[in-house]
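First, one chain by itself: the form predicted alone, in C-alpha coordinates.
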Amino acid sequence: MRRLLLTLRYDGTHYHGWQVQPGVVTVQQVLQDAIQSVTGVRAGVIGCSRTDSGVHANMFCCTFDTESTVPIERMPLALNQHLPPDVAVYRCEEVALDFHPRYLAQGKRYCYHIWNDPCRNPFWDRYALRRTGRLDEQLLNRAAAAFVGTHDFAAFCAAGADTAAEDTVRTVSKAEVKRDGKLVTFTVEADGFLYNMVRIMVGTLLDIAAGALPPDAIETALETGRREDAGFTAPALGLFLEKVYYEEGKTDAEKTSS
(Lines give C-alpha, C1' and ligand atoms only; values in the text may rest on other atoms or scores of the structure.)
Protein backbone atom coordinates (compact mmCIF):
# COMPACT_ATOMS: atom_id res chain seq x y z
CA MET A 1 0.00 0.00 0.00
CA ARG A 2 1.27 3.45 -0.93
CA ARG A 3 0.01 6.86 0.14
CA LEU A 4 0.23 9.27 -2.78
CA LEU A 5 0.14 13.03 -2.47
CA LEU A 6 -1.40 14.78 -5.46
CA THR A 7 -1.01 18.47 -6.18
CA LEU A 8 -3.62 19.96 -8.48
CA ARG A 9 -5.09 23.15 -9.86
CA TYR A 10 -8.74 23.78 -10.51
CA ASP A 11 -11.20 26.37 -11.70
CA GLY A 12 -13.95 26.21 -9.08
CA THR A 13 -16.59 28.02 -11.13
CA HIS A 14 -18.74 24.98 -11.87
CA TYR A 15 -18.12 23.08 -8.61
CA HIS A 16 -19.84 23.13 -5.26
CA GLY A 17 -16.52 23.30 -3.49
CA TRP A 18 -14.04 20.54 -2.75
CA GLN A 19 -15.90 18.12 -0.51
CA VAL A 20 -18.27 15.45 -1.82
CA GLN A 21 -21.92 16.40 -1.29
CA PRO A 22 -25.08 14.57 -2.37
CA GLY A 23 -26.72 15.81 -5.55
CA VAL A 24 -24.02 18.25 -6.65
CA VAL A 25 -20.68 18.06 -8.46
CA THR A 26 -17.53 18.67 -6.42
CA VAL A 27 -13.81 18.59 -7.13
CA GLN A 28 -13.28 15.67 -4.76
CA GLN A 29 -15.92 13.67 -6.61
CA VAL A 30 -14.42 14.13 -10.09
CA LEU A 31 -10.96 13.33 -8.72
CA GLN A 32 -12.25 10.13 -7.13
CA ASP A 33 -13.85 9.24 -10.48
CA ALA A 34 -10.50 9.69 -12.21
CA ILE A 35 -8.60 7.67 -9.60
CA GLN A 36 -11.12 4.84 -9.97
CA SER A 37 -10.70 4.90 -13.75
CA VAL A 38 -6.91 4.64 -13.44
CA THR A 39 -6.56 2.22 -10.51
CA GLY A 40 -9.83 0.28 -10.65
CA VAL A 41 -10.59 1.17 -7.02
CA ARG A 42 -12.66 4.08 -5.67
CA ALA A 43 -10.25 5.45 -3.11
CA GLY A 44 -10.96 7.82 -0.27
CA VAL A 45 -9.31 11.18 -0.93
CA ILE A 46 -8.27 13.55 1.88
CA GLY A 47 -7.79 17.22 1.02
CA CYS A 48 -5.69 19.97 2.57
CA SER A 49 -8.70 22.29 2.83
CA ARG A 50 -12.43 22.55 2.19
CA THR A 51 -12.71 25.24 -0.43
CA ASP A 52 -16.19 26.70 -0.85
CA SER A 53 -18.42 26.64 -3.91
CA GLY A 54 -16.86 28.74 -6.67
CA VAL A 55 -13.42 29.09 -5.06
CA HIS A 56 -10.38 28.30 -7.22
CA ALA A 57 -7.01 26.72 -6.41
CA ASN A 58 -3.55 27.09 -7.90
CA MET A 59 -2.17 24.59 -5.39
CA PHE A 60 -4.39 22.06 -3.70
CA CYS A 61 -2.88 19.01 -2.00
CA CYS A 62 -4.67 15.74 -1.29
CA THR A 63 -3.79 12.13 -0.58
CA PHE A 64 -5.15 8.70 -1.37
CA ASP A 65 -3.97 5.18 -0.58
CA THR A 66 -3.48 2.70 -3.38
CA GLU A 67 -1.96 -0.64 -4.29
CA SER A 68 -1.75 0.47 -7.91
CA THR A 69 1.60 -0.08 -9.61
CA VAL A 70 1.26 2.95 -11.89
CA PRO A 71 4.62 4.78 -11.60
CA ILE A 72 4.48 8.04 -9.67
CA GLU A 73 5.82 10.06 -12.58
CA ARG A 74 3.03 8.77 -14.85
CA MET A 75 0.16 9.23 -12.40
CA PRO A 76 -0.58 12.93 -13.19
CA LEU A 77 -0.88 12.27 -16.93
CA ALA A 78 -2.96 9.17 -16.33
CA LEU A 79 -5.38 11.02 -14.04
CA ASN A 80 -5.60 14.05 -16.30
CA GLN A 81 -6.90 11.87 -19.12
CA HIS A 82 -9.98 11.21 -16.98
CA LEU A 83 -10.42 14.65 -15.41
CA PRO A 84 -12.54 17.49 -16.83
CA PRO A 85 -10.68 20.42 -18.44
CA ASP A 86 -11.06 22.65 -15.36
CA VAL A 87 -9.20 20.26 -13.01
CA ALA A 88 -5.59 19.15 -13.51
CA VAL A 89 -3.05 17.22 -11.44
CA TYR A 90 0.49 18.50 -11.92
CA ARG A 91 2.47 16.55 -9.33
CA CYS A 92 2.41 13.17 -7.58
CA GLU A 93 4.71 11.92 -4.87
CA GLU A 94 4.75 9.12 -2.34
CA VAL A 95 4.56 10.18 1.30
CA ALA A 96 4.54 8.40 4.65
CA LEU A 97 1.41 6.41 5.46
CA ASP A 98 0.68 8.75 8.39
CA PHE A 99 0.94 11.91 6.28
CA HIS A 100 -2.21 14.04 6.53
CA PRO A 101 -2.45 16.93 4.04
CA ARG A 102 -4.69 19.04 6.27
CA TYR A 103 -3.30 18.50 9.76
CA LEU A 104 0.34 18.70 8.67
CA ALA A 105 -0.12 21.92 6.70
CA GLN A 106 1.76 24.67 8.52
CA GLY A 107 0.13 27.48 6.64
CA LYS A 108 -1.69 28.59 3.52
CA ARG A 109 -1.65 31.54 1.18
CA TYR A 110 -4.83 32.90 -0.38
CA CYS A 111 -5.18 35.59 -3.03
CA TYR A 112 -8.30 37.55 -3.85
CA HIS A 113 -8.46 39.38 -7.19
CA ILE A 114 -10.47 42.51 -7.95
CA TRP A 115 -10.83 43.88 -11.48
CA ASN A 116 -10.98 47.62 -10.87
CA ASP A 117 -12.46 49.16 -14.00
CA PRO A 118 -15.89 50.28 -15.26
CA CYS A 119 -15.53 47.96 -18.26
CA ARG A 120 -15.71 44.20 -18.04
CA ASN A 121 -12.70 42.08 -18.88
CA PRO A 122 -13.88 38.71 -20.24
CA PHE A 123 -10.59 37.11 -19.23
CA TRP A 124 -11.18 38.01 -15.57
CA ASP A 125 -14.98 37.70 -15.35
CA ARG A 126 -14.79 34.29 -13.68
CA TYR A 127 -11.73 34.99 -11.55
CA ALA A 128 -12.09 38.49 -10.12
CA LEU A 129 -14.72 40.65 -8.48
CA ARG A 130 -15.31 43.77 -10.57
CA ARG A 131 -15.40 47.12 -8.85
CA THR A 132 -16.04 50.15 -11.04
CA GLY A 133 -14.98 52.94 -8.70
CA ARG A 134 -11.25 53.61 -8.41
CA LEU A 135 -9.80 51.76 -5.42
CA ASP A 136 -7.01 53.33 -3.39
CA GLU A 137 -4.72 50.33 -3.03
CA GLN A 138 -2.40 52.21 -0.67
CA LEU A 139 -5.28 52.92 1.71
CA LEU A 140 -6.34 49.28 1.52
CA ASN A 141 -2.79 48.07 2.10
CA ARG A 142 -2.47 50.23 5.22
CA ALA A 143 -5.79 48.92 6.51
CA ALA A 144 -4.84 45.29 5.77
CA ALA A 145 -1.76 45.60 7.99
CA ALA A 146 -4.10 45.37 11.00
CA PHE A 147 -4.72 41.71 10.16
CA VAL A 148 -1.07 40.78 10.74
CA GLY A 149 -0.33 39.08 14.04
CA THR A 150 -2.08 36.64 16.34
CA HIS A 151 -5.71 37.64 16.85
CA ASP A 152 -9.13 36.23 17.56
CA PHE A 153 -10.79 36.29 14.13
CA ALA A 154 -14.30 35.41 15.35
CA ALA A 155 -15.67 38.54 13.64
CA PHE A 156 -14.26 37.27 10.33
CA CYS A 157 -16.07 33.94 10.39
CA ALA A 158 -19.35 33.36 8.56
CA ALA A 159 -22.45 34.16 10.57
CA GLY A 160 -24.05 30.92 11.69
CA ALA A 161 -20.76 29.03 11.92
CA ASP A 162 -20.28 27.39 15.30
CA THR A 163 -17.44 29.60 16.51
CA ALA A 164 -18.19 28.61 20.09
CA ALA A 165 -16.99 25.09 19.29
CA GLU A 166 -13.88 26.23 17.46
CA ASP A 167 -10.69 28.01 18.38
CA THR A 168 -10.96 31.23 16.37
CA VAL A 169 -7.44 32.47 17.10
CA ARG A 170 -5.20 32.53 14.04
CA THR A 171 -1.77 33.96 13.24
CA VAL A 172 -1.56 36.00 10.05
CA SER A 173 1.99 36.46 8.79
CA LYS A 174 1.20 38.49 5.67
CA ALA A 175 -1.69 40.70 4.54
CA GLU A 176 -1.13 43.12 1.72
CA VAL A 177 -2.91 44.79 -1.18
CA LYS A 178 -1.13 45.48 -4.47
CA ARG A 179 -2.18 46.84 -7.84
CA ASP A 180 -1.02 45.62 -11.23
CA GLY A 181 -2.68 47.89 -13.76
CA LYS A 182 -6.41 47.45 -13.25
CA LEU A 183 -6.03 44.27 -11.19
CA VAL A 184 -5.98 44.75 -7.41
CA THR A 185 -4.96 41.70 -5.37
CA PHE A 186 -5.25 41.01 -1.65
CA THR A 187 -2.75 38.38 -0.48
CA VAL A 188 -2.92 36.81 2.96
CA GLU A 189 -0.89 34.07 4.62
CA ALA A 190 -1.77 32.44 7.94
CA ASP A 191 -1.39 29.27 9.92
CA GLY A 192 -5.07 28.55 9.32
CA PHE A 193 -8.33 30.11 8.19
CA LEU A 194 -11.90 30.14 9.45
CA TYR A 195 -14.98 29.57 7.30
CA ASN A 196 -15.26 32.50 4.83
CA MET A 197 -12.47 34.33 6.67
CA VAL A 198 -10.65 35.64 3.60
CA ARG A 199 -13.85 36.67 1.86
CA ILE A 200 -14.94 38.66 4.93
CA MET A 201 -11.48 40.24 5.15
CA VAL A 202 -11.88 41.40 1.54
CA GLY A 203 -15.43 42.63 2.14
CA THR A 204 -14.24 44.63 5.13
CA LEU A 205 -11.47 46.24 3.10
CA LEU A 206 -13.90 47.13 0.33
CA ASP A 207 -16.38 48.58 2.83
CA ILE A 208 -13.56 50.72 4.25
CA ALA A 209 -12.68 51.85 0.72
CA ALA A 210 -16.32 52.78 0.06
CA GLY A 211 -16.66 54.68 3.34
CA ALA A 212 -19.25 52.23 4.65
CA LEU A 213 -16.89 51.36 7.51
CA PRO A 214 -14.38 53.61 9.31
CA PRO A 215 -10.62 53.20 8.64
CA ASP A 216 -10.14 51.45 12.00
CA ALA A 217 -12.95 48.94 11.43
CA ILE A 218 -10.56 45.97 11.30
CA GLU A 219 -9.08 46.79 14.70
CA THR A 220 -12.57 47.22 16.13
CA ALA A 221 -13.83 43.91 14.74
CA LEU A 222 -10.77 42.05 16.01
CA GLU A 223 -11.34 43.54 19.46
CA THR A 224 -15.10 42.92 19.73
CA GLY A 225 -15.27 39.60 17.87
CA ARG A 226 -18.70 40.58 16.53
CA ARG A 227 -19.52 39.62 12.96
CA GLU A 228 -21.59 42.79 12.49
CA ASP A 229 -18.50 44.94 13.06
CA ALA A 230 -16.77 43.48 9.98
CA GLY A 231 -17.70 43.95 6.35
CA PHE A 232 -19.71 41.95 3.86
CA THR A 233 -18.68 38.54 2.54
CA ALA A 234 -17.05 39.06 -0.86
CA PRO A 235 -18.16 36.67 -3.64
CA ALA A 236 -16.24 33.43 -4.08
CA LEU A 237 -15.19 33.97 -7.68
CA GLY A 238 -12.15 36.14 -6.84
CA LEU A 239 -10.65 33.76 -4.29
CA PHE A 240 -7.73 31.43 -4.98
CA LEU A 241 -5.96 29.00 -2.68
CA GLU A 242 -2.50 29.92 -3.87
CA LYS A 243 -0.07 27.87 -1.80
CA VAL A 244 0.10 25.29 0.99
CA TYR A 245 3.12 25.11 3.26
CA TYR A 246 4.46 21.92 4.83
CA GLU A 247 7.40 21.22 7.10
CA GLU A 248 10.60 20.86 5.12
CA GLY A 249 11.27 17.24 4.28
CA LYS A 250 7.64 16.15 4.57
CA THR A 251 6.91 16.88 0.91
CA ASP A 252 8.35 18.67 -2.07
CA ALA A 253 4.95 19.82 -3.37
CA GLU A 254 5.23 23.40 -2.16
CA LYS A 255 8.63 23.82 -3.86
CA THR A 256 7.16 23.38 -7.34
CA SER A 257 3.88 25.22 -7.00
CA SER A 258 4.80 28.59 -8.40
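Bear in mind that the values here come from a model prediction, so they are computed numbers and not experimental data. Residue numbers run from 1 along the displayed sequence.
Quick note: we don't show the form predicted in complex with a further copy of the same chain, though the next part is all about it.
Although the partner is absent from this view, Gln36 stays clear of a further copy of the same chain in the predicted complex, with no non-hydrogen atom inside 4.5 angstroms. Within this chain, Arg9 lines the site of a further copy of the same chain in the predicted complex, having a heavy atom no more than 4.5 Å away.
Interface membership of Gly160, defined by any non-hydrogen atom within 4.5 Å of a further copy of the same chain in the predicted complex, is ruled out. Proximity of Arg199 to a further copy of the same chain in the predicted complex: non-hydrogen atoms within 4.5 Å are absent; the residue sits far from the partner.
Each of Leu77, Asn121 and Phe240 places at least one heavy atom within 4.5 Å of a further copy of the same chain in the predicted complex. Checked against a further copy of the same chain in the predicted complex, the residues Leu83, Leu140, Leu104, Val95 give one hit for a heavy atom within 4.5 Å, which is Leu83.
Residue in contact with a further copy of the same chain in the predicted complex (any heavy atom within 4.5 Å), chosen from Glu176, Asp136, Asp152, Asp125: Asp125. Of the candidate stretches 36-44, 49-57, 216-224, 63-71, only 49-57 has residues with heavy atoms within 4.5 Å of a further copy of the same chain in the predicted complex.
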